[in-house]
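The chain below stands alone and is given in structure tokens; this is the form predicted alone.
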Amino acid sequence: METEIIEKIRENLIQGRKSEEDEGIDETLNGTPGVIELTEEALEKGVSPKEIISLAITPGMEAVGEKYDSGEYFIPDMLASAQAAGAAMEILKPHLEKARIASKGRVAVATVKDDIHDIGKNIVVILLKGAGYDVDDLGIDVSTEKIVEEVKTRGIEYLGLSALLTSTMTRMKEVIEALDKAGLKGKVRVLIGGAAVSQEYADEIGADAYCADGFQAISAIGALKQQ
């Protein structure tokens, strides 16, 4: 049953069905529970927020990103899925933030310049806050100059950079180079994530860690704190 409802959440997210009133690409889903109803049902049945995010929302949005990159999905399709994911995260947010404890460190998270993707970033922000970090959400489409300035003025210890598209992932390299020129590279640890990037790309541009999702971001920061 748990696997079935996780699959339903993921599929409805990909279809952009926020609630049962929404139509999907697959007409057979019309009139059936959408992401909101399914997320609430999953919680009632004891499915953990971590499982909902890591097995349904994150892979669902990765699939949407792939469809957008390939031209199968257009901006309205991507936004519909993003809104569905955002609605699910609003339901999960209080469950994730319950265990918040004293700050473990200062983190800034941003989606790089020319990229308007924010669901993955928002998930990371919520999870890091729930894990006890002070998190500055710098938003989407953030210029390299602004990111460097925020790191400098806010005393950021860890910087998370997100990119959904292959056309914007090169901005991450620009940010790391700019931090180095500003004398900040050794003072802030850089983590990258998003559908467009990989561990290989993180190694290539000199990032400190690659994170496939928000839970890996928590683990990666914990590991970096020990270094």
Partner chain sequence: MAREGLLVIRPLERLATKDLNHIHQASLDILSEIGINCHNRDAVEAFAGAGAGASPVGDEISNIKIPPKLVLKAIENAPKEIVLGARDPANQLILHGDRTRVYLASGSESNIWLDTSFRPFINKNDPDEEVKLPSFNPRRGTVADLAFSAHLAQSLDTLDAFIRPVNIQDKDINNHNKDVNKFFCCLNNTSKHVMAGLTSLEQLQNVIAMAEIVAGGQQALQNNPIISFITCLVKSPLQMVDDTTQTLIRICLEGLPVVISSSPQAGTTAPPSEAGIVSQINAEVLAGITLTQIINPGTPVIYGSVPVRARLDNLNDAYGAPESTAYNIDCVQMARYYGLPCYSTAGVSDAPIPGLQSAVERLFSSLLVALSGPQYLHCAFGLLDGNSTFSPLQAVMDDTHFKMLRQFLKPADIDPENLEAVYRKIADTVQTSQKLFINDIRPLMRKGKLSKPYIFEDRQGNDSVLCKANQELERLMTLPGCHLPEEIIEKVYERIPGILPRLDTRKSN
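Residue numbers count along the first chain shown, from 1. Take the two forms, superpose them, and find the largest set of C-alpha atoms that agree within 1.5 Å; that set is the rigid core. Every value quoted in this text rests on a predicted model; they were computed, and no experiment measured them.
In what follows, reference is made to the form predicted together with the partner chain, a form of this protein that is not presented.
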Quick one: in the model of the complex, does every one of P76, I116 and I140 get a heavy atom within 4.5 Å of the partner chain? yes
Counting only non-hydrogen atoms, which stretch in 56-64, 161-169, 174-182, 38-46 is within 4.5 Å of the partner chain in the model of the complex? 161-169
Sole residue of A108, A85, I123, L92 within 4.5 Å of the partner chain in the model of the complex, by heavy atom: I123
Decide whether I52 counts as a contact residue for the partner chain in the model of the complex under a heavy atom distance cut-off of 4.5 Å. no
Is L191 close to the partner chain in the model of the complex, meaning a heavy atom pair under 4.5 Å apart or at it? no
Sequence order please: the residues of 7-44 with a heavy atom within 4.5 Å of the partner chain in the model of the complex. none
After the core is overlaid between the shown form and the other one, has the C-alpha of K67 moved by 2 angstroms or more? yes
Large Cα move at D77 between the shown form and the other one, threshold 2 Å, rigid core: yes
Closer or farther apart in the model of the complex, the C-alpha atoms of I75 and E174, for a change of 3 Å or more? farther
Distance flag for P76 and K121 (Cα, change 3 Å or more) in the model of the complex: the two residues are closer
